[in-house]
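This document starts with two versions of one protein chain, written out as structure tokens and named structure 1 and structure 2.
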Structure 1
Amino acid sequence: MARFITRRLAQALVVLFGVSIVVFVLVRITGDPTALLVSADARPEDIERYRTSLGLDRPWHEQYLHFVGHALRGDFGNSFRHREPAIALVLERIPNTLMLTGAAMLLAYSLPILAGLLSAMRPNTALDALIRGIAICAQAAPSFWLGLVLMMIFSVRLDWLPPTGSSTLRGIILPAITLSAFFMATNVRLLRSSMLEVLSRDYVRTARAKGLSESLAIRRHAFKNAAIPLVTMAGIQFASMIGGAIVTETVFAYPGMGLLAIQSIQSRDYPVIQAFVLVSAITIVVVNLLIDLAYVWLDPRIGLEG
């Protein structure tokens, strides 16, 4: 186990190092940011001077060494747009994004359990079909559009909820639904199929044969087993939500990491993009590490190869 952990940690470091190179090179190939950081009529000489002041005239390898050297100490440089530390801009938004993704996770793991169980216990009935139909449609709706439609219905027409998300309870409901719609739908389908799978297994049949009532059989054996994939999914879905938050946060003008990321990309704010990508990469890597560990712990039959 210790060896396994050590190896996974080493791999994680390699991955983060790789991410740093990829993002560093990628943002620079997208083009020079200087013209976007000055007024629309700036003179080339102004732009050139500003570029020099940002250090963008230096060779890439020099810039990279500078970047890595400082990043290791937690310094990602100053945002080109705001001229303040990039990492601070990213970190101060983490609570907002965590709240949004947290609320979305809560939704993605509460409703679907009920719906998925209902669906699995009465397979191929009208109820099952309805639940699956809704799930598939929720999976299909482009999230930006879903968000705007929800806003129109619940904020403008019904006036129940504020149209944009702030990190208040009421403000977070619509963005959280928008962000979690896809995952709710996925989880309904996931739970349904794994329940069906488990229910068809021998030991559940045996339990039934022994005379355990249907609901008891489900509760004792099936649900526990069927929930395993759902539990292990949690980390992966959480990581994907952080990426998916880019769209949701833009639509709801929600002050999180995703909104910062999209604006930074559009204005080629290299330091902030780099800080954002590395922070999300660390999150994703750590979460994956935890899942791997949790999985091994939950199900020791799984070998430690990887």
Structure 2
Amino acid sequence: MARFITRRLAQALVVLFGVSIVVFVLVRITGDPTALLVSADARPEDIERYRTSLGLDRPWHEQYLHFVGHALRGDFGNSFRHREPAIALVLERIPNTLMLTGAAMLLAYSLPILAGLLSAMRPNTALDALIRGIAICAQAAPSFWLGLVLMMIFSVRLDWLPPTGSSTLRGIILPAITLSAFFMATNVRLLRSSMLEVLSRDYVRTARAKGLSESLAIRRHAFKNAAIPLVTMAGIQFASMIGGAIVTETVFAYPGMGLLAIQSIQSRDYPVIQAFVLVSAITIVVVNLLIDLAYVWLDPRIGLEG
């Protein structure tokens, strides 16, 4: 176990190093932020002086070494826009984003289990066709469009839920549904196909032949093996939700990291963008490590050798 975790942590360090290079380069090729930060009537020498104070006049390799050296100590610099430590701004928003992502993950893995099992246990029936049809529609709907539709129906027409997102229960419902809709549909179809395959295996037929009820055969023998693809997808889907939260948080004005990232990109706030990307990368790496460990619980045959 210790060897497995050490190997995964070494891989994580390589990933984070690569992410730091990519985000550093990408934010700088978008343009110089100085023009957005000074007044419109600023003189050229004032602009250049301000660039120097931000360290943007130095060569890129010097800027990168300075960025990495301070980032290793948890210092991502001060936000150009807010004049506050960038990491503090990101960490202030991360609980809201994790709350939204957690609620979306809960929806994406609770409802699909019931729907996927019903669909697999009654294949080629009207119920199966209905579930698959809803799943296909949910996969086809863009998240920003779905968010606006939900807002129009449940906030404007019915006045059941607030139109803007927040960390309260009522304020997180619409953003969580919007963020999770695509993944719920994906998981329904994935679990259905996986269950159909597992239910045709010899060990499930043997369990039935021994007199085990259908519900016990599914719970003891079929479901854990059918759920392995879902666990495999969990890490990928969590990473996608962190990225998708940017769109959802913008649509609902939800006070999370995604909305902060959009505002920072618009103002070319390098320190905040870099802090956001690296904090997101660290979160995703940790979640993927936990999911790797969950494989062994679901199927000990997988082992920790991979």
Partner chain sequence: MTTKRIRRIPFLSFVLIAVLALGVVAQSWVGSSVEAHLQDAETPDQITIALASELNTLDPAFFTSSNEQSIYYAVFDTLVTRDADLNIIPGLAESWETIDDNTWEFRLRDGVTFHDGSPMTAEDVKFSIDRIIGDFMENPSQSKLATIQEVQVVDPLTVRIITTSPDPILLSRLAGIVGWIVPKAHIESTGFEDFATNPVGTGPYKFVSWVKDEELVLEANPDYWNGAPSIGRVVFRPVPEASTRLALLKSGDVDVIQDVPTDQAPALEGDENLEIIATPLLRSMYFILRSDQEGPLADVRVRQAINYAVDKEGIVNELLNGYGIVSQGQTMGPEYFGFADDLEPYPYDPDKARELLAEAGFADGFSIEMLTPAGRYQADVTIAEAVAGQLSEIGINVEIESVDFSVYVTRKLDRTIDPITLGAWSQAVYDADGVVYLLFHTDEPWGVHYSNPRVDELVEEARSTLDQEQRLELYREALEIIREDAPVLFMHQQTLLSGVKTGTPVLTMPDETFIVYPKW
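By convention here, residues take numbers in order along the sequence of structure 1, the first being 1. Here the structure is a predicted model, which is why all the values come from computation and not from measurement. By rigid core we mean the largest C-alpha set that fits within 1.5 Å across both forms.
Each structure shows the same chain on its own, and structure 2 is the form predicted alone.
With the core held fixed between structure 1 and structure 2, R49 has its Cα displaced by at least 2 Å.
Relative to the superposed core, V38 undergoes a C-alpha shift of no less than 2 Å between structure 1 and structure 2.
Once both forms are fitted on their core, a CA shift of 2 Å or more is seen for L289 between structure 1 and structure 2.
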